[in-house]
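So this first bit is one chain, no partners, the form predicted on its own, shown in structure tokens.
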């Protein structure tokens, strides 16, 4: 058998090393992608005015406006969030306090000015409608990486709604990631058996979700747009539109007068402050 001349071995070795160096870096897995997404949108504080527009299958429309404040907790992961409603008259003064906890064990407190009392939204009720909209209470809280088991399902062109926010003729590419609740408690709280997410490769921001129930039936689709970069370098989504599969009803949540990274006192996110009704 012919032998390779010894003098060629160093050259062959260097050639092999050069080819190895030219190989692409290992692809991110689903968890790593969602970790980057969570970091990309991790704004320490924000306040805004919100418009919630719900349209039923028969075409009837209802609008609600509220003020929203959110602050990152000391753990650097979870948030506290307060919504206080301004209109219409029947909900004016109502407020909801969302206190995120580890493993999705969130506390949600509702202030009802007509009764001058605060009541707790129990875990089994957190998958129910948020103020008559197609968002649930659990949708208003922030999903966190450790609450789900993630799997990358591939890469593809982002849904059409994301293309308008990229350069003309250059559709964005998205990671497609599947998330399943890490615990039965999270599954019960959210009402979702799995979630498919489309996350842009260029900025790791979410542009579309599909939410499925425990029987793998599609419940609703969410499209996220008007995504802007804030002075801190983090990203903020100003519009979220949800459409339900069953009856075609939809809800759009739009934020205006957005202010980020301004000081907010922790005392704002307490039951005692909630019960004061903004007074």
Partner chain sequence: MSARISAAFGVVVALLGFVAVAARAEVPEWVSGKALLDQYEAVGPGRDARGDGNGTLQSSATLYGTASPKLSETVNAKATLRGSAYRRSLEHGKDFVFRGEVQELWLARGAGGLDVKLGQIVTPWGRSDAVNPTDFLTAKDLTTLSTTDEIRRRGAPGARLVYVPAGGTSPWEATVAWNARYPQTKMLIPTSGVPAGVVVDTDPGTPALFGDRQEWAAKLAYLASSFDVSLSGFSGRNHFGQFEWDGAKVATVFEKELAIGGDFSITFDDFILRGETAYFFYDSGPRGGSGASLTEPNHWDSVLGLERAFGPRVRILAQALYRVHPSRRDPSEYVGANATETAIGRGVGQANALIQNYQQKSEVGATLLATYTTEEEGWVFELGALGNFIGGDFVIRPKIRHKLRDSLHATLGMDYYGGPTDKTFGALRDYRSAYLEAEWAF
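These figures come from a predicted structure and were not determined experimentally. Numbering follows the first chain given and starts at 1.
Just so you know, the form predicted in complex with its partner chain exists too; it's not on screen, but the next bit is about it.
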Look at the stretches 172-180, 101-109, 143-151, 198-206 and give the one with heavy atoms within 4.5 Å of its partner chain in the predicted complex. 101-109
So, residue 155 and its partner chain: in the predicted complex, are they within 4.5 Å at any heavy atom pair? no
Hey, in the predicted complex, is residue 90 touching its partner chain, heavy atoms inside 4.5 Å? yes
Taking heavy atoms only, is residue 72 within 4.5 angstroms of its partner chain in the predicted complex? no
Does its partner chain come within 4.5 Å of any heavy atom of residue 266 in the predicted complex? yes
Quick one: of 31, 254, 62, 41, which gets a non-hydrogen atom within 4.5 angstroms of its partner chain in the predicted complex? 62
The unique member of 238, 245, 56, 234 whose heavy atoms fall within 4.5 Å of its partner chain in the predicted complex: 56
Residues from 111-139 in contact with its partner chain (non-hydrogen atom within 4.5 Å) in the predicted complex: 114, 115, 116, 117, 118, 119, 120, 121, 122, 123, 124, 125, 132
